[in-house]
Structures are given as structure tokens and as C-alpha cells.
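One chain comes next, on its own, written as C-alpha cells: the form predicted alone.
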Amino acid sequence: MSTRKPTKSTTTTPAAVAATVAPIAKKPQFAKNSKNVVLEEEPTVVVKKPTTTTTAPTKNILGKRREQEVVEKVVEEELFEDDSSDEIEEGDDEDDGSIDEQDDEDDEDNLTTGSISTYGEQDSSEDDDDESEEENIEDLDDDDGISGEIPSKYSNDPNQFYDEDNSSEDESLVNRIGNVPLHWYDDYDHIGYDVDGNKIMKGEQKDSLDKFIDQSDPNFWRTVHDKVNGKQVILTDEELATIKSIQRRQFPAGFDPYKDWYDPGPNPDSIHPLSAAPTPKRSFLGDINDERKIRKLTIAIRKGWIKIPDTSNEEKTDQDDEIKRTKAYDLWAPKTEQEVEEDELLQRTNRRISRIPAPKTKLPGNVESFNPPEEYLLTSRELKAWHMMSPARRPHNFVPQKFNTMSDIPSYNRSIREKFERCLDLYLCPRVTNIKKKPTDVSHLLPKLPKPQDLRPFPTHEEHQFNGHKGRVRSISVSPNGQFLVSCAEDHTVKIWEVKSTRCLFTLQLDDTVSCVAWNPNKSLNIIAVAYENKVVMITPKLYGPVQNEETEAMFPKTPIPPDQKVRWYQLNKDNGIRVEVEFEFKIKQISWHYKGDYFSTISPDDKSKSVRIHQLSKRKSQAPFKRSKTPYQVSKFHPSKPIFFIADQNIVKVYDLSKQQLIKKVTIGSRWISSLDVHPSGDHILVGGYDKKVFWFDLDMANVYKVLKYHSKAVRRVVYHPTLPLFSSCSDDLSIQIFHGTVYSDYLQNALIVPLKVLKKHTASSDGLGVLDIVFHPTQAWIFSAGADSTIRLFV
């Protein structure tokens, strides 16, 4: 085995790789009797990098990937051929070739040119392909200006496989970690990985003190932190100008937003359609929406809603307009007949455009004469006083003078000034002819109402007073025939009075304060509902004898009472007249009867989920069919003749149809807190009173508030309609009872007539500021009962 010491190249180029090859451990062997050389065992080659540094290849070689691959392939084959040493058997020289001295000389020539340095011998039988590849390498070197320099296979630069133009955009990037959110590496000491899989460590983190010191830098205001590369970047003037343009929503400097469109010229392929489908029929038809518009316009023109101007008179109108523009207009000239007709036409069309009349001047007097009487001439003392007076206080703006003849009169020295003032008056003259004067007599603005004397009967004075309660009287109710009156007070008592004699016929003592009493509206039923605390009791007083009539006894059957968890019914039949007791979970505030007398409703504001309940007395059943309201319910009322139910919370009145079990209307009255509600006998109007001192008359057919009555100075406690007469009333804590006349007409086009009639004020004030707490009309007479906080009940007739 022959060995050869390596010889270093005389020159070291940036693209050359200096390698030192160790001695071969084992010889390569070739098969005999074969025309081609076959390598049976690969040689062991050790390549060591030299300690000398090499420069990177030029950008031209790096930018051309195809040429780089060719060079790398040739270098690998040449290294393998130069480093291998082999022995050729005898007799095979003709077929396989041998190593001759000429090949050694070629190798030495290659080494001297700086290609590579190797151990071993080179096979002299190289293929034609290798020779052609060497020629290609020489051609590439000649083209790129590199003489015998072969670049290394790979380097650490990730841009080595990309063209220079493609990598110019990312030249500023140092950390090529890709499009990865940096907050993923908040808990790590690195910010990603490079193309070789090595960690990219984070830069030095600055604390608050370092950031404060950096403010002393004059370029601190234009320095930004690059989170990806971990460095500070100073913005240039061009970059700052670009940022300002973005903030102002402007184009950057040098950018032309209105650049001419590039016209590439006719395209020869444009004759070929994108689709060979036939043209659809809808492309020849008009749009449906346009057809509808045309149809509507045609109908409007035929019916005369739209008038098409006559084009034949356009030329004449243009000539008339031109004449009007060029013709001088005399402002003070008298009107012609044509102008008078035009003014009348304009007045009929409510345009109110007319000529401004000339102002009338005051006629001259004797003092302005050229030969005035002696008494109008000023003496020297008066002339001195005239000059000392202010111009506004002078009786005349000139000094009277006397001339014997008119030829002695000089020219007027204030003519120019008066002409100027005249022009100034015309300039400042207001261009309004119709000046509305404030009427001195406002009586015609008031509505024409009938006199109260013509609207009798209505209560005017106090007739009787019912005394007997020791506490505030909370509620009162009248029997259907008007013969008896029931009342309840805070002294835990319920009393029944005879109206004509004011005699107390019945007294019931209960365990707690009574909040409400209501007499059954059915004339054949002698039943009174009393509510105190969380209980409601039904009383049948023995006013007409010890035995009740059949209709009343039929309302209290002896059938077993069905159990209920929240509402419990008890059959008592006590001697004091209590027949049935109904127990609730919460306190009862108000009771309202149905006009037939079998159903009644209760209100419990504290029970938020089921505060309104409807009960049937004959079957001992209770139900809560209404949903929960946003605000607690305050009052409820049945319709006088229909299965309609009214409920009012603090702000809204809801109208329900009980037969259909649905909500009919939802009315927002406008009151801050509703205190009471009543329904007109016709059922088409409701009266609402509120704690905000207002009374609202609401028309259900018109769905709006017809009248808002503000006659009280304190909270309104109760509002009520008269059952048969056109009267309604309201009471308040200001101790007043307002009586109104309210006529509802059958003609829907005519509004209701509301007339204030009388103010009744007989109750006295209590220590807690309460006044009249409840009122109720007599069923047939124009009488009204009132209950006050002064423990008295009064009758006004």
C-alpha cells in the first residue's frame, strides 16, 4: 500500500474547505474479471477542519440554489475519489484502468490550485460524466468570477438557500422564531428556538431604575423596544413621519393614491367566454321591484295624486323669470290689479307674503313754518337751555326761525344726515307684517263650561256626622239599597250605621286592626267582607230579622271545604254573624266584589309571587291566575258588567279578560305611585289617583290619558265614580273632597265633559298628617260619605 503525505494548498479561499485525512485503515478491493470498477468496501476517512478561519461565500453563490447543489455534489464525489487508495490486480489494466503517473500529476495540479488536500491516490479511470461536471464547475467559476473556490456544504446562516431579494424583508430580524406569541415564554429564560433547534435566550431585562436613567438619552422619545429581537430601536425621521401619517389617517409621504390605472391593453383571450351556458330569460326581463314602483306611479298619475308639469309653457316661464330678474322693482309703488290678485292667492294658501306699506310720516306743524308765530320763536335764554338739553329730551330737533320771504330761506343743512337715517330705517325695517299681539283679555282662551248651578244635583254641605269610633276610620261601604253604612277603624271594631238616623245598629270587635270592609253589591245578598291582618271574614248581620233569606244561605253551603296549602277556608257560623273565615299567609290590604256577588278579589302587597287572588264564595275556592309584577300590586277592580278585571301596581294598570284568560291592555298612567282605582259604570273609562297629588281620567277606547286633574296639595287617598249619576270625586290628605261633574257621551267623536263643582272641607287634621282616608257615593242619591283620620264619618248632601 502506497501512502502520500498531504500537501496544503498554497492559497486559502473563502469557499475552500481545508481537510486533513488520516491514514486509511483498510484497502478498498475491486472485483476481478469485470469491466466496471466495483467498490466492495468503503474507505474510512477522517476529515478535520482547519484552525484557520474562512470567509463566507459570496452572495451570488448563496443566492443560486441550483448552482450550489451542483457544486456540493461534485465536491463530495471528488473528495471520495481523492481520499481513496486502491490496488488493481494484474491483467485488469486494459479493462478497468490503472493509476499512472499522469493522474498523480493532475492531482498535484489540483492541489496547487487550492481545490482540496487529500491522502491517497486517485483512480485514473474517471467517467465521462465526471469530466463534464468538472467542466461545468469551471464554467460556473468563470461566470461568477470565482477562480477555483468551492463553498462549504452548509453554514449557520438560514438565508443561504434564499435569494437576496426574497430575504431582504427579514434582514432586520435577529430572532427567527416564527409567528409565535411571546407570552408563551414568560416563565422561561428563552423566547424560542432557531432553525437548528437551539434556544434563543432572552436579553437583559431592565428594571425601573434603568428605564429612568434611559430617559436622560436625547433619543429616548424616539426609542422603541423590539420584543422579538430584544433590543432598542431608534426611529428615524422617515419612520416618525410615517407614524404621524397613520395617526392622522393620511397617506405617507411620496405615496400617490391617485396613480393612473395600468391598462395592459386588449387581451386576445377575452373573446372566450367564462361559461358557455345560454343567456337566461331573466336577463331580458325587468326587476320586479321596479315594476311595482312603476305600477304605483302609474296609478298615482291616473288618480291625480301626482301632477306632471306642462312642458309647453316652460319656455314662457323662463322668459318671465328672466324679465323679473332684470326688471327694477319699486318697493313703495302702489299695487296693480294683478299684484292684488296674487296677494290674495298667497293669503289663501297661508303663505302670508305681501308688500310692506310705506311708513306714514307726521304732518308738519306751525313751528316748522318759515314764518312761524312769535310764540314759537325761542328767546336767548330758551335757546341756551335748548343747547344744554340732551338731543333725546329736546321738543324739536331744530331751532325755529323766521324769514320774511321764501327767497331768504337757506339750504337745509341736515338733508344728507336725514337721508342717511332714512336709508338706515329702511335697512333695519323688519320684514314681518303680521305681528301677533298678546291678548289682554284671556277669558276667550278658557273652555266654555256650563255653570255649576246648571249641573245640580251634587253634594254641597254637610248633613250628618257619625261618631263612635275611637281611632282612624280606614274604610267605609254602603249597602246596595243605600239604607245602611258599614265602617271599620283602627280601634279593632266594625260598625253598621243607619244612614237617616245615624244610629249604630251593629258592632263587631275583632282581634286586630281592620284594614278594609266591602258590602256585597248584590241586593239579594246580605253579606259583608271584612279584612284584618291576614284574615278575611264574611259577616251576615241580622238587619232584616234573625233569619237570612234563601239567596244568602245558598252562598254558605254545608259541603266539605277543599284543602289548600296557602289559603285556608273555615266554616264558623258564630252568633256574632261571622259565617266564613279565610286565612292567608300575608296581610290583606284591599277587597273588591264582583257585581254578581259570588266572586271577590284580595290584594296582599307583601306576597310578591301571588299577591292578587280571586275567590269564589259558594265553592270555597281560591286561585292566583296572575303573574308576578315588577312592583307590588296596590288595588284591583271588577268590570261593572263584563268579565274583565283591572289590576294596578305602582305605575301600570293591567286589563285582563277572565273568560279568554289573556291580557287585553297594559296602560302606563304616568303616576309615580297609584293609590286607588275605580271604573266608570259604562266600563270605558277609569279613574286613577296617586300619592303624587294627581288624578288621572283614562279613556280605554282612545288608549290615552284624557285629563290630569291637579286640585290637591297632598296625596290622593281615594277616587270614586257615582253608580248612577254623572259625578265623581277624590279625597286627599289636605282634608279636601273635590266634587266633579263627568258626562260621558255615546258619540265616540265627542270627549267627556269634566267640570269642577264643589270643594268640601269639614274634616280636621290629625297629628300624623293624615286627612280624608275614604269616600263612597250613595247608590241612588247625590250624597257622599267620607271617613277621616279624625275618627269621624260625615255625610254631605
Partner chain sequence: MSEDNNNNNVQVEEDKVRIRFITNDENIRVTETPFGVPVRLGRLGLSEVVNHLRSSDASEHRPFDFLINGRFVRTSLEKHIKQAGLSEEPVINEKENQHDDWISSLDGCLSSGLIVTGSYDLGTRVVNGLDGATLLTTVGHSAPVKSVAWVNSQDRSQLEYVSASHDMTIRLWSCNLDQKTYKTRAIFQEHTGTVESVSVSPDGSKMVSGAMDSKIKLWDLKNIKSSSVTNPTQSKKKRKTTDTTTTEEEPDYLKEKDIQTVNESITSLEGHTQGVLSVCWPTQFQILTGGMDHGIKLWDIETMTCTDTIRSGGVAIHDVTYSTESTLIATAQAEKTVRIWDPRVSDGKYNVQSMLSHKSWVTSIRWHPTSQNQLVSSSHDGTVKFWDIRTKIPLYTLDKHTDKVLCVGWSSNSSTSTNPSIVSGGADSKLKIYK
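Positions refer to the first chain, counted from 1. No experiment lies behind these values; they were computed from the predicted model shown.
Note that the form predicted together with its partner chain isn't included here; everything after this is about it.
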For this session: Please pick, from 178, 280, 545, 334, the one residue with any non-hydrogen atom lying within 4.5 angstroms of its partner chain in the predicted bound form.
Result: 545
Exercise. If you check 493, 229, 502, 675 against its partner chain in the predicted bound form, which one has a heavy atom within 4.5 Å?
Worked result: 502
For this session: State yes or no: in the predicted bound form, is some non-hydrogen atom of residue 512 no more than 4.5 angstroms from a non-hydrogen atom of its partner chain?
Result: no
For this session: Verify the contact flag for residue 249: yes if a non-hydrogen atom of it lies within 4.5 Å of a non-hydrogen atom of its partner chain in the predicted bound form, no if not.
Result: no
For this session: Give a yes/no on whether residue 464 approaches its partner chain to within 4.5 Å in the predicted bound form, heavy atoms considered.
Result: yes
Exercise. Applying a 4.5 Å heavy atom distance criterion, does residue 575 contact its partner chain in the predicted bound form?
Worked result: yes
Exercise. Pick from 480 to 488, 605 to 613, 686 to 694, 619 to 627: which stretch has a heavy atom within 4.5 Å of its partner chain in the predicted bound form?
Worked result: 480 to 488
Exercise. Using a 4.5 Å cut-off on heavy atoms, what residues in 779 to 797 are near its partner chain in the predicted bound form?
Worked result: 780, 781, 783, 795, 797
